[in-house]
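Form predicted alone, single chain, as structure tokens, below.
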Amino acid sequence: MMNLFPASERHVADLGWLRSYPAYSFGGYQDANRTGFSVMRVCNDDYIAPGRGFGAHPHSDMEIVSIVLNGRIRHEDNLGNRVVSSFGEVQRMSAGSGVIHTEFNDSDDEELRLLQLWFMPKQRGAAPSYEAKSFDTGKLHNALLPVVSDKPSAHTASIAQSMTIYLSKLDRDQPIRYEAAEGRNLFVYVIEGKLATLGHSLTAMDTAEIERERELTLTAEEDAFFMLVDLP
């Protein structure tokens, strides 16, 4: 079963320096029908103006993932981390018992685009932590590349939840198959291009929540860049 949420129905928050396209309720945007999927609570596609960003603010008991799609993000937190990341890098922050951080566009002339993803952790009140990992963007080509997982590797960030985030860039007419374990949920987000699955076409910024499907075939109807998340 698939629940398709088209980009045309998404809320847009435009603050001038920030254009945000949330898939679920966030901040001033509240929709009782869009509160999350499985353990996912936030999926924001954010565009941040040069030199602007989010000042110091707190988080707790949330797994927060930032995936840079264009430009550079500068992260600083009260744990002593100060990191600049660009495309080919992912940041993961486990807020745990509490953390304060900032996120800014590190460029003076280039817009930053990133995906902000929040997930409920397996355990509340854990010690906060942070990491940034880089991955080989060439390995996105016609493949599903894990970039965040509870089974981390040298190029995959860890996360305190039973889940994996994959990225992929498919050539036109190229199919790719994914087999999920029993009882898992799948979330698909099209970053660019056009993708077909389960009899539906998804275009840029469309999301799909998929339940009770063990095998999934995704085919690029035109060159496509997308994210697949395997969730409990």
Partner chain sequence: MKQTLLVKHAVSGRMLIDSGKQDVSFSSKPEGNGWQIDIGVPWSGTIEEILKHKDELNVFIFYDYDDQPTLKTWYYVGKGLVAYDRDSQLLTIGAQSRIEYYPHEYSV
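Residue numbers count along the first chain shown, from 1. Remember, predicted model here, so these are calculated numbers, not experimental data.
Below: the form predicted together with the partner chain, not depicted.
The partner chain in the predicted bound form comes within 4.5 Å of no heavy atom belonging to Glu89. Although the partner is absent here, Lys151 sits far enough away that none of its heavy atoms falls within 4.5 Å of the partner chain in the predicted bound form.
Among residues of the shown chain, Arg74 is one whose heavy atoms approach the partner chain to within 4.5 Å in the predicted bound form. For the chain shown alone, Val99 is a contact residue for the partner chain in the predicted bound form, at least one non-hydrogen atom being within 4.5 angstroms. Note on the interface: of 169-177, 183-191, 40-48, 198-206, the segment with non-hydrogen atoms within 4.5 angstroms of the partner chain in the predicted bound form is 40-48. Contact here is defined as any heavy atom lying within 4.5 Å of the partner chain in the predicted bound form, and by that definition each of Asn78, Arg82 and Arg124 is a contact residue. Taking the partner chain as it sits in the predicted bound form, the stretch 52-90 comes within 4.5 angstroms of it through a non-hydrogen atom at Ala56, His57, Pro58, His59, Ser60, Asp61, Met62, Arg74, Glu76, Asp77, Asn78, Arg82.
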